[in-house]
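Let's start with one chain on its own, the form predicted alone, as C-alpha cells.
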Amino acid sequence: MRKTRFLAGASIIAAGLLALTACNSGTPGAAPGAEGDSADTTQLWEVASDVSLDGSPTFERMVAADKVVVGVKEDQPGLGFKDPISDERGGFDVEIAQWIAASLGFDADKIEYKTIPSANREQELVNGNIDYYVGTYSITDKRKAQIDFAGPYLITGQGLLVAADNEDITGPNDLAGKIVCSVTGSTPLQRIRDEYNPGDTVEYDTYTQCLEQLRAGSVDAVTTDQAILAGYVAQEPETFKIAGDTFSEERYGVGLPKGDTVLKDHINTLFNDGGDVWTALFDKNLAPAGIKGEQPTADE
C-alpha cells in the first residue's frame, strides 16, 4: 500500500478557513460552503445497470429491498454533514457512499441514510441493520474481528482541537491535568488514555456534544482525526483552533458485513479504478478546509 498522510495542521488550514464557514442549504452531497450544485457530483458517474455480484448476500439484500441502507455521520463538516435547515446531507463520506451505491445500480433516491454513533457501528453491521458504513471509520484489527473493510479511501491522523485563545496545549504531551473529550467507541479516545497522560477524559455519542463542552470551558480539548477537526475550525475560526500536528495514522475504510468478500472486492476495484472521481470529491469537500493529500490504494 502507498502510505500517505493527510495533514490539516493550523498552518495549512489558515489559508482556507473561510471556505467552509457557511452551511450549505441547497446542495445535496456538498460540503458546507462548497460551490456548485448536485449536478456537479452526479455527472462524475453514471448509475450502473444489470449489476451482478454473485456470492454477495449484502447485495442480494439490497436488491430485494430495492434500496441501500448506509450508516453515516451527520455532524462532521466536509465529511458527513446534515444541513439543519434543509435536512440535506453532504460531504466527502456521503458522496463516497453515493458513488458506491451508483456502482451497484442504485441512484441517490434509493439510499436510506442512518446516523449511527461510533460505538454502535460494528453491531449495526453484524445485525444487518445497514448494508455498509461510510463515516470516518478507522480500520483496526479489533474491528476486523467482527466486520470487514473495503479501502482505505482516505488517510488522516489524530489531532487536538482547543479554544482559539488556548496557549497551554500544543500537542498530546501537554495534556497532563487537562480534560479531553471524544466520542464513545473511538480509537482517538482510547489512544489518549493508553499513550498519554490526561487529567481526565469524557465521552459522548457525538462530536457536537464535545464541541459544546469545549465552548463552555468544561473540557480543555477535543480529540479526533484532523480531517474532522479541520471542518470545525473552518466553521468557527474565532472559536476553535488545532493544536500541533497529527500524532497517528488513521486509515478510513468502508465498513461491511463480515465475510462479504465479493462486495469488498467490488468496492476496492471501484476505488482503485476511479482516481478522477476520488480527486474531484476530495477537491470539492476537503481541500477548501486546507487538507492536502492523495488517494491511497485500496487493499483491505
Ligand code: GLU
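Keep in mind the model is a prediction, meaning the values are calculated, not measured. Don't overthink the numbering: it's just position in the shown sequence, from 1.
Although it is not shown, the form predicted in complex with ligand GLU is what the next lines describe.
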Applying a 4.5 Å heavy atom distance criterion, does residue 89 contact ligand GLU in the predicted bound form?
-> no
Even though ligand GLU is not shown here, does residue 252 get within 4.5 Å of it in the predicted bound form, heavy atoms only?
-> yes
Report yes if any heavy atom of residue 121 sits within 4.5 Å of a heavy atom of ligand GLU in the predicted bound form; otherwise report no.
-> yes
Just to confirm, residue 143 within 4.5 Å of ligand GLU in the predicted bound form by heavy atoms?
-> yes
Just one of 113-121, 172-180, 212-220, 159-167 has heavy atoms within 4.5 Å of ligand GLU in the predicted bound form; which?
-> 113-121
Answer with one of 152, 71, 77, 188: the residue that has a non-hydrogen atom within 4.5 Å of ligand GLU in the predicted bound form.
-> 188
Note which of 137, 99, 132, 81 lies within 4.5 Å of ligand GLU in the predicted bound form, where distance is taken over heavy atoms; exactly one does.
-> 137
In the predicted bound form, does each residue in the set 95, 106 and 108 place a non-hydrogen atom within 4.5 angstroms of ligand GLU?
-> no
Near ligand GLU in the predicted bound form, with a heavy atom at 4.5 Å or closer, the residues from 218-253 are 224, 225, 228, 250, 252
